[in-house]
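Take a look at this one chain, the form predicted on its own, written out in structure tokens.
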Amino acid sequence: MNRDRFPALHDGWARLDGPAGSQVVDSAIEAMAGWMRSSGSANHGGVFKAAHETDELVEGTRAACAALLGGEPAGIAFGPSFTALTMRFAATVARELKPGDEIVCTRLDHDSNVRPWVIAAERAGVKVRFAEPEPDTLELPASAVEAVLSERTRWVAVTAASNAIGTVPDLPGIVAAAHRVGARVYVDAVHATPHRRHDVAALDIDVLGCSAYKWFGPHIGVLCARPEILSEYRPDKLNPSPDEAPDRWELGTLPFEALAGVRAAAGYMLELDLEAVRAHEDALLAAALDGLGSMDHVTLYGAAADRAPTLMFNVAGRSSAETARALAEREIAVWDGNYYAWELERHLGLAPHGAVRAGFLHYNDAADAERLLAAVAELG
């Protein structure tokens, strides 16, 4: 699907490294180059024409991201990465916490939605409790989070899809359970966004973050929050920088050329038929899981009924790095290690070498899955 929209796919490699970052769609590439070539490139906030054009770009990108994520433009803030945005957000909200308060994280999450909360909790003198995935399937039902909720819970940090094994938690159930005890929910949708449409308003999510480089754009983190939440808290900032939200959450000058790419990538995402995308990706995942599952020398991890098209495995007698290098020799790009799913690696007893991760995006095709299966079969 749409392979011709991705110039980087013409080198002959099977790009199964998408969970670590997608290839960039042509319209985003052209938008960034066009912005840098244009006379409209200027800082924002000025009284002249180019500065007004930059203001329009920023507001247009906020609107595009709000449309993609089901939020409001006034609730969209940009930063260098999801990690940076979450570190700052957790540090800011933790200043309002009191001893005895609690934060809930999960063993499924990327460490960018765990460590910022742990660090902030330690500084505030509050407790972090962990929700554990189901032992056999590594699913995360609402009951797993409910088990560690209490009337003292103030924030729940949870992924919308595991970046390691693809598990899609019961997000509606988790959000509802958190709100019943008066807690707010911070969702990591970095891995999920290229695969599933999220509606912050419909799901009643308080804050959701993602990264445009996972959905075919440049390296920019995006925070989509209830506008009143961004107005409620006051992050550290420079004196002359804007006091209004969402601007006060953005440190320094925004990378405007990258925002042009983000706006174009969001437009591309909004044009996709995500039901067709999901059917295509699910078919690739099923073929890969069936094939790898039939190989005696392969161990697969995770068996969630609802999952993003991402799988994790090891080959007997080889470290994950050795397997990844062997696949790279066959021009198949995969990742090895823990890919920052630090809690999950330890939960599964896979430290320090982790496992191999392969993931599909809509621009992958059946030939990519077949190449992976043939190559892994040769390693037996």
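One-based numbering along the sequence shown. Please read all numbers here as calculations on a predicted model, not as lab measurements.
Separately, the form predicted together with a small molecule exists; it is not shown, and the next lines address it.
Residue S81 is the only one of S231, S143, S150, S81 with a heavy atom lying within 4.5 Å of the small molecule in the predicted complex. Although the partner is absent here, R263 lies well away from the small molecule in the predicted complex, with no heavy atom inside 4.5 Å. At the 4.5 Å threshold, heavy atoms of Y213 reach the small molecule in the predicted complex. Contact annotation for S112: at least one heavy atom lies within 4.5 Å of the small molecule in the predicted complex. Stretch-level contact analysis of 126-134, 213-221, 288-296, 99-107 against the small molecule in the predicted complex, using heavy atoms and a 4.5 Å limit, identifies 213-221.
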